[in-house]
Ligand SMILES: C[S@@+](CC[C@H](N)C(=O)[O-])C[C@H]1O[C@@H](n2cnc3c(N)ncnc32)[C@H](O)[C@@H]1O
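In structure tokens, one chain follows: the form predicted on its own.
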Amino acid sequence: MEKVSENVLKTSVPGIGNVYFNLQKYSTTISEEHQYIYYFDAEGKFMGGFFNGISYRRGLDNRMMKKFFDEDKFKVKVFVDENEKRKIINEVIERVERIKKFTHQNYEITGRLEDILRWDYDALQKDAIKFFSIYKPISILPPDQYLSLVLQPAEGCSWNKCTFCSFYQDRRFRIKSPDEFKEHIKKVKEFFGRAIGLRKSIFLGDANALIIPQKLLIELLKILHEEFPISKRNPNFEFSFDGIYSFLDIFGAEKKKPQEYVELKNLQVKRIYIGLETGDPELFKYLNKPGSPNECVDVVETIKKAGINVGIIVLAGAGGDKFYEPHVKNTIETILKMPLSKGDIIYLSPLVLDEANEYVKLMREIGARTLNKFEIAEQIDRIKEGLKNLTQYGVKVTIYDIQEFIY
């Protein structure tokens, strides 16, 4: 066994060649000649890998996504079927079993491989059942929160009437009591085990958890601080989270007073994500979102004054060809009215119409043609160009592809 760097060891396995082990505190990555790569969390659960030119990611619900590029160099995201998923997991387990025979001289590696071998396909399937006993489906997160620890003080969406969104139609909106939330946290801790240290922050779900009445919300946030180290080290934990993050719709954000945002800031709420979707008032109405673009500017100003960062989400392709120009123009103008600064993010999210039946119906009635992938990419580039001066203030403008999400 040869030490390559501080956390990387290398050994030679007959029939494979050099095998590298990247041993991080909360994860293990195995690389066979840098060609066949697979990684696991601290409990040994398979998280994903890269082989045969395809990237794979496994969610905690045991779904598996593969990503590759099509002939136009656009990224394709596909959930694999049960047979392919079983084949991939079984192959990974077989490879780990083979490698383990040649690592007996290193107890740390052997121990990690033994943990991995406990999680065969059937074990991961059982774990997914446990996951769904703890969580309602985690429908979506902002890309910078994919490695967050999701907690659900609220379930569903308090509005749930946007024409383009079907994320939360399978559940009613419900807020947990403090005792329910404590029990939820207890089960989450048990589910993640040591792998909880891999998570970087805490995200409060579902769609707009910060709409919870302020008195109860503060009580729930204080429970979080009792249960986890947030933005500070605690001798009882080996890890800490960098802050608390959540979605909030425009209408819910308007209801909060400036001082209430200061209270959230003092309890380590670091960024609030708001779906502007479009800066065009007419198109905004077709999306059936509560509030308006101008009201979004007002709430962003209030949130920023409290010292909390924002994530503004724009729906690229919304309104099709009929609204192409006003969507671009008014969205840029609306965002430029916002007092954005370092730590804020503008997310440009390509419109996905899989189950947006109401939106499709409305667009058909007004004769709006859906944009193709090339037109959406062009629109994203135009909005980016219009917002490019924001980057000098530390504002990030980037893509938010909801089809890439898997928790």
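For every residue, the number given is its place in the sequence shown, counted from 1. C-alpha atoms forming the largest set that superposes within 1.5 Å between two forms make up the rigid core. If you're wondering where the values come from, they're calculated on a predicted model, not measured in any experiment.
The form predicted in complex with the named molecule is left out here; the points below concern that form.
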item: The single option of 306, 267, 297, 274 touching the named molecule in the predicted bound form, heavy atom within 4.5 Å; value: 274
item: Contacting member of 284, 164, 245, 241, with respect to the named molecule in the predicted bound form [4.5 Å, heavy atom]; value: 164
item: The named molecule contact in the predicted bound form: residue 402, any heavy atom under 4.5 Å; value: yes
item: Interface membership of residue 352, the named molecule in the predicted bound form, 4.5 Å heavy atom rule; value: yes
item: Heavy atom of residue 93 within 4.5 Å of the named molecule in the predicted bound form; value: no
item: The named molecule contact in the predicted bound form: residue 289, any heavy atom under 4.5 Å; value: yes
item: Interface stretch in the predicted bound form with the named molecule - options 109-117, 221-229, 321-329, 308-316, non-hydrogen atom within 4.5 Å; value: 308-316
item: Full three-residue contact with the named molecule in the predicted bound form, heavy atom 4.5 Å, for 168, 207 and 249; value: yes
item: Is_shifted residue 70 between the shown form and the other one (CA, 2 Å cut-off, rigid core); value: no
item: Is_shifted residue 33 between the shown form and the other one (CA, 2 Å cut-off, rigid core); value: no
item: Core-superposed C-alpha of residue 355 shifting 2 Å or more between the shown form and the other one; value: yes
